[in-house]
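This document opens with one chain alone, in structure tokens, the form predicted alone.
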């Protein structure tokens, strides 16, 4: 949980909270019924697994309800696998027989899950015109090995694999804009935290003192990062290629900065600062200048994430519990998502711009959950075998 890193000894943090006027409107509570009963599978395990994953992805999308009869949409076709998997998928409106989608696919039989995720996203887009999330990957910190290491899994929580073996502390993972690598902070050099990137053997940033919470700009050239070169943890920009500092953006002599994230156009950065006495979310230009505070309520505002949908989400301590806030940085409106009374932290936008993936802590155990901003019930994605937190979702 990121809150453990903030102030104190110039470590790290993330932020969130604001007013409670709704900015994300529901698009209607009704779901589109979709029937896959006529979709045929081979007798092989991969084909049956493909159909099972596809159904689960469509249900989880928030737009569909998979039924066995009387649906608005019918999915027909077949899938069969030998050494290779071949699938033919067609989607029709039941009432008019209008075809919404028709495609054929080839893939390795071992990749049946990946293919099912792809097909689910293409059905979502064909029917709604909106991007799906099933093909995304989730990076997170987990303690399954007894230490805090970096892990990756599919968007449904399956296919978990361990990425690091630093035998130390890993925090603050973030995907690069191309979705190929992950930046993260590691204490593998003992008391000198550095920012690393998967695919590189050496740290991206190893300046004297604190190097933390690096996140790469949309153009892939610049990293927003927290450095303590001036004594306090401040927000800096460095070159992704060379690791050399480019510009110091903040100068808060009595405070600490944490948790930067980029605006979709790459012109601004949201981050956390406790310069006012409590952690709040601020926005600053990539060229520097005066920062604007956008959070106003809650005793702590942590871990912002700026989605491609233009909204910023963060967690806010309200009534003694951490809640997830969704806010518009332009209209200054926000709302708190409805959840139970566990602690919900570290929110990150899924690529569909509708869902948020976050950590949920209850009874001193942390798990990764999927939240729907249009009010579907929360879904547990990763739990058990240790604690799981600080998720990051591939673009």
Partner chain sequence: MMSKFLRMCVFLAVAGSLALSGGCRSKNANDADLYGSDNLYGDPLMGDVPLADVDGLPADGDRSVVDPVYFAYDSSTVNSEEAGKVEEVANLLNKNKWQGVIVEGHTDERGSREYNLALGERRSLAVRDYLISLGVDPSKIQTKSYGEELPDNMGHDESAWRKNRRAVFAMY
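Numbering follows the first chain given and starts at 1. Note that this is a predicted model, so its numbers are computed, not measured.
Below: the form predicted together with its partner chain, not depicted.
Heavy atoms within 4.5 Å of its partner chain in the predicted complex are found in one stretch of 98-106, 129-137, 114-122, 165-173, which is 165-173.
In terms of contact with its partner chain in the predicted complex, the residue from 309, 222, 74, 275 that brings a heavy atom within 4.5 Å is 275. Proximity to its partner chain in the predicted complex, defined as a heavy atom within 4.5 Å, singles out one entry of 318, 229, 246, 94, which is 229. The closest heavy atom approach of residue 146 to its partner chain in the predicted complex falls outside 4.5 Å.
By the criterion of a heavy atom within 4.5 Å, residue 267 is excluded from the residues contacting its partner chain in the predicted complex. In the predicted complex, none of the heavy atoms of residue 57 sits within 4.5 Å of a heavy atom of its partner chain. Proximity of residue 256 to its partner chain in the predicted complex falls within the 4.5 Å heavy atom cutoff. Relative to its partner chain in the predicted complex, residues 180, 341 and 373 are all farther than 4.5 Å at every heavy atom. Although its partner chain is not shown here, in the predicted complex the stretch 114-136 places no heavy atom of any residue within 4.5 Å of it.
Between residue 256 and residue 191, the Cα spacing is larger in the predicted complex than in the shown form, differing by no less than 3 Å.
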